[in-house]
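Quick setup: one chain, the form predicted on its own, written in structure tokens, and binding and motion questions come after.
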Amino acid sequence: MSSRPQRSSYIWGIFARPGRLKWLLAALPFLISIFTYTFFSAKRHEANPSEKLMPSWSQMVKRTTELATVPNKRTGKLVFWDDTWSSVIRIAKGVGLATLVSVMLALFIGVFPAGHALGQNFTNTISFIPPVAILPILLVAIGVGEASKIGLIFIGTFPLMTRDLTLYVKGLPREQIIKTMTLGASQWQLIWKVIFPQMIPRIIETIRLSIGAGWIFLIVAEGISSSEGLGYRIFQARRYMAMDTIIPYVIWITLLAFIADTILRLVIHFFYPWYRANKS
């Protein structure tokens, strides 16, 4: 009697393979969401033609087109693209700085016993501090400029990135370190030629996991202290119940995060196939 599990022809079986239905299943939740919104939006507009809470798709497209193609009368800038550029630069700086610090701390804590004793408990502790609670301190300490926004993204992402990368470094086979040192390598050669190259795909994956949190902290910071950015525009539109601006901006933020996540995932897929094989 075979011990191998039998593949089920039923699509929801544990060992079933969706096959050609894979893409349909992936698209189905999105289609249902779009249909549901369209249906209820139409119903509300039938009852109230001046409905603002659930604007139609045509209203949102019209408003977004205006923001993306018509220069602002006061600044002369295209608001949509100016907001996008400001937010993307901020999150790139914040997550980039968090990645740099996290890599250095993970190597220090994960490789050296003294580093573990010095930094492990500290990084674990600060990871429990609510980053948004620190925003008032940042605004008082360094003002309402770019530094406070980038600082909030950094504080909100680097502790968990450090913990994740440290666990990965400590999980590398100890035999690699022993053999490398036995062959005469220095500590720096061990770190930069053996450990760090193996960390790269994990670093990319950690960035993927941190982008969502980074956007949250960016939106909060821009909503409180900014004059441009996607978060600023959402909070500004909220005052006027301008859902035809808010909803497209939320969709755009989601799309930007999805694009970044996809690019990073493809980098791992094509350049580090061994990492994927080790996880499977």
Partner chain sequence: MNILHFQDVDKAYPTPNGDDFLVLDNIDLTIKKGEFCTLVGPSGCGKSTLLKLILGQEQATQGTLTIRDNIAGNPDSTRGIVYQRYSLYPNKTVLENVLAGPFFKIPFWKKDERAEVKAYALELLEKVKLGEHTAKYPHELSGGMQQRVAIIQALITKPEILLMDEPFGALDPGTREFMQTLLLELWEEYNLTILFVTHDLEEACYLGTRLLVLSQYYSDDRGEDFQRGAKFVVDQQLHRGALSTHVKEKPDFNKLVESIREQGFNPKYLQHVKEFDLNHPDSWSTLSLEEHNS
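From a predicted model like this one, the values you see are computed outputs, not experimental measurements. Residue numbers count along the first chain shown, from 1.
Only in words, not in the display: the form predicted in complex with the partner chain, which the text now covers.
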property: Residue stretch of 71-79, 132-140, 117-125, 169-177 approaching the partner chain in the predicted bound form, non-hydrogen atom distance within 4.5 Å; result: 169-177
property: Sole residue of A185, V88, I204, V144 within 4.5 Å of the partner chain in the predicted bound form, by heavy atom; result: A185
property: Partner-contacting position among L209, L160, M181, A92 - heavy atom within 4.5 Å of the partner chain in the predicted bound form; result: M181
property: 4.5 Å heavy atom contact, P197 and the partner chain in the predicted bound form; result: yes
